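Shown below, as C-alpha cells, is a lone chain in the form predicted alone; questions about how it binds or moves come after it.
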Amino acid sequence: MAKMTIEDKLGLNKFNTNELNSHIDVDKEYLDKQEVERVCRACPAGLYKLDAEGKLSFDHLGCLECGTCRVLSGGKVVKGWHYPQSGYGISFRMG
C-alpha cells in the first residue's frame, strides 16, 4: 500500500463552516508588511495571501484551527481568534 501524502490526508478532512461569521478577526490594513508576510507564510492552509499590490486577503473557510496565525501575530495582524461556534469547524479524518 502506498504511503499517504499530507495533501492526501488533508483532502479527507470535512469542513462545516459558518460562511457568514469568521472565527478570526484580521486587520487587512495592518501596515507592517514583514508581520503580514510572516502570517501569510506560516498558515498551513494558505488562507492569508498578498496580491500584487501588497494588499492582504483572508478567507476563514478551510481553516485548520491550529492557531498558528494567532500565536505569530500577537494581536497585530490577527486581532482576535477563537474556535468556531459549536457545530462548525473542521473534522480531521486522517486515513
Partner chain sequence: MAEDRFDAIIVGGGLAGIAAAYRLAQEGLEVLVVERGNTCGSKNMTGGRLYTHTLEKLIPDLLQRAPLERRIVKERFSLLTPSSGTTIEVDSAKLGGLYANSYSVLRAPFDRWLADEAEAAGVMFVCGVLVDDLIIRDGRVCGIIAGEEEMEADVVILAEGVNAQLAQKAGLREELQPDQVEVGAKEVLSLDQAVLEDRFHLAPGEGIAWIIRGEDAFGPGANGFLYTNKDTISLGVVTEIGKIPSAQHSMVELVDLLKEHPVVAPLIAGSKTVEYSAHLLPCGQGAILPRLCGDGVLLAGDAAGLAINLGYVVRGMDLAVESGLLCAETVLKCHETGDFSRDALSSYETAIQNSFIPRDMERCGSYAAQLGNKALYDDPAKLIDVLTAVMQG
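This is a predicted model, so every value here is computed, not measured. Residue numbers count along the first chain shown, from 1.
FYI, the form predicted in complex with the partner chain isn't displayed, but the following is about it.
**Student:** With the cut-off set at 4.5 Å between non-hydrogen atoms, does L56 touch the partner chain in the model of the complex?
**Tutor:** Although the partner chain is absent here, L56 would stay clear of it in the model of the complex, with no heavy atoms inside 4.5 Å.
**Student:** With a cut-off of 4.5 Å between heavy atoms, is R38 one of the residues that contacts the partner chain in the model of the complex?
**Tutor:** Yes, contact at 4.5 Å.
**Student:** Would K79 count as touching the partner chain in the model of the complex under a 4.5 Å heavy atom rule?
**Tutor:** Heavy-atom contact with the partner chain at 4.5 Å: absent for K79.
**Student:** Is there a heavy atom of L50 no more than 4.5 Å from a heavy atom of the partner chain in the model of the complex?
**Tutor:** No - in the model of the complex, heavy atoms of L50 and the partner chain never come within 4.5 Å of each other.
**Student:** Which residues in 36-74 have a heavy atom within 4.5 Å of the partner chain in the model of the complex?
**Tutor:** R38, R41, A42, C43, P44, A45, G46, L64, E65, C66, G67, T68, R70, V71, L72, in sequence order.
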